[in-house]
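Just one chain is shown here, as structure tokens, and it is the form predicted on its own.
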Amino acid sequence: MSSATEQAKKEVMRRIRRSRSPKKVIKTFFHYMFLTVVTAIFFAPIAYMLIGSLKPTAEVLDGINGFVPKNLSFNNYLQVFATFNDESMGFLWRFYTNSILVSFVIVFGGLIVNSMIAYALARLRWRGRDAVQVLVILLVILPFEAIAIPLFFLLRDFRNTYFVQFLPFIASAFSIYLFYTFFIGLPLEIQESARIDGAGPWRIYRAIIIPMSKPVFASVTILSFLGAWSSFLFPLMMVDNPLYVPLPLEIQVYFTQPPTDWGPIFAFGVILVLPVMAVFLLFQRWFIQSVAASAIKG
């Protein structure tokens, strides 16, 4: 017993010395340096927009000096709220409410529909399953622009409604594929044990699959919300009534009214991005777990 303990202590000390070796320290240093540079590159546009939203328009697009936080105020935000505060321009709170409602229906409905389809493809045996899998993969690589015009003529009788904004996007081939790749990796033994105990497909899905799949549900929530919240092309084609216009369409107001006022545009951009950041921060723990699990499987 004592010899085994001593051997374990020696192994631990050997690993500690190896982790503290100059070569290991230098390697770790360059890894962190690389990750810091990559993080800065991705964060720079967000920081530029955030700082620019608080600066006068004349100082916003000022090259590298745009990162310098000076002459900051909330005037640009006040101008945005003042612009969208009457019947002629519409109300900012209404555009926000429209986007939240449409995004919620797409995300919540998509989680139910897409996860159930993926569960059927990954765990159930039925005729034609392989053909449906191939169809889902083909739809993943099909760009939305390819079906935008057919969708327009198919749903043109429902223009200027909430219905037309969320119905085509609840079922998503990409979300189905994400769910499928996660479900197929879950231990089959748990499902078989539940089946022996008398559980049917619906109970297995509700009581076993869903609790074990929080990471993929978080990932799909974030990606679905991002797509729904930032949707522009289809609402532009189908909605022109201010009562149903989502938030992204209204940013074009500042572009179509010369001169271009970059301060309020940046402020509107921050207002537009905040919900996406909030959703990501809310689900980031499970999202990171999903990414890590995918990397391990790969």
Partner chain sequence: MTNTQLQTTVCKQKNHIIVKLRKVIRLKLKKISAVAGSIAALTLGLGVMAPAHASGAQEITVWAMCSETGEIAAAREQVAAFNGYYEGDYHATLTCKADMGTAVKSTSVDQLPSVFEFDGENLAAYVYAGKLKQLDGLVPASVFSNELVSIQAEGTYKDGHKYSVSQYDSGLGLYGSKKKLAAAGIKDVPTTWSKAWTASRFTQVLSALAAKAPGKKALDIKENYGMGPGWPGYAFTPIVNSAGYQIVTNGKAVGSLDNAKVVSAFKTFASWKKYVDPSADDKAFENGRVGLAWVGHWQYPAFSKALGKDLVVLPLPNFGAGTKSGQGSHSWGIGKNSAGTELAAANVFLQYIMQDKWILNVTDQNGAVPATKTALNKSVNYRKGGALQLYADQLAASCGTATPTAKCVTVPRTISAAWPVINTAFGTAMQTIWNGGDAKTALHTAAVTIDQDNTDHSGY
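Residue numbers count along the first chain shown, from 1. The model shown is predicted, which means the values in this text are computed figures rather than measured ones.
Omitted from view is the form predicted in complex with its partner chain, to which the following refers.
Proximity to its partner chain in the predicted complex, defined as a heavy atom within 4.5 Å, singles out one entry of A207, L186, L154, A194, which is L154.
A heavy atom within 4.5 Å of its partner chain in the predicted complex is found for exactly one of M212, I190, M89, L72: M89.
Proximity of L78 to its partner chain in the predicted complex falls outside the 4.5 Å heavy atom cutoff. Although the partner is absent here, F217 sits far enough away that none of its heavy atoms falls within 4.5 Å of its partner chain in the predicted complex. Contact check for Y162: a non-hydrogen atom falls within 4.5 Å of its partner chain in the predicted complex. For the chain shown alone, F166 is a contact residue for its partner chain in the predicted complex, at least one non-hydrogen atom being within 4.5 angstroms.
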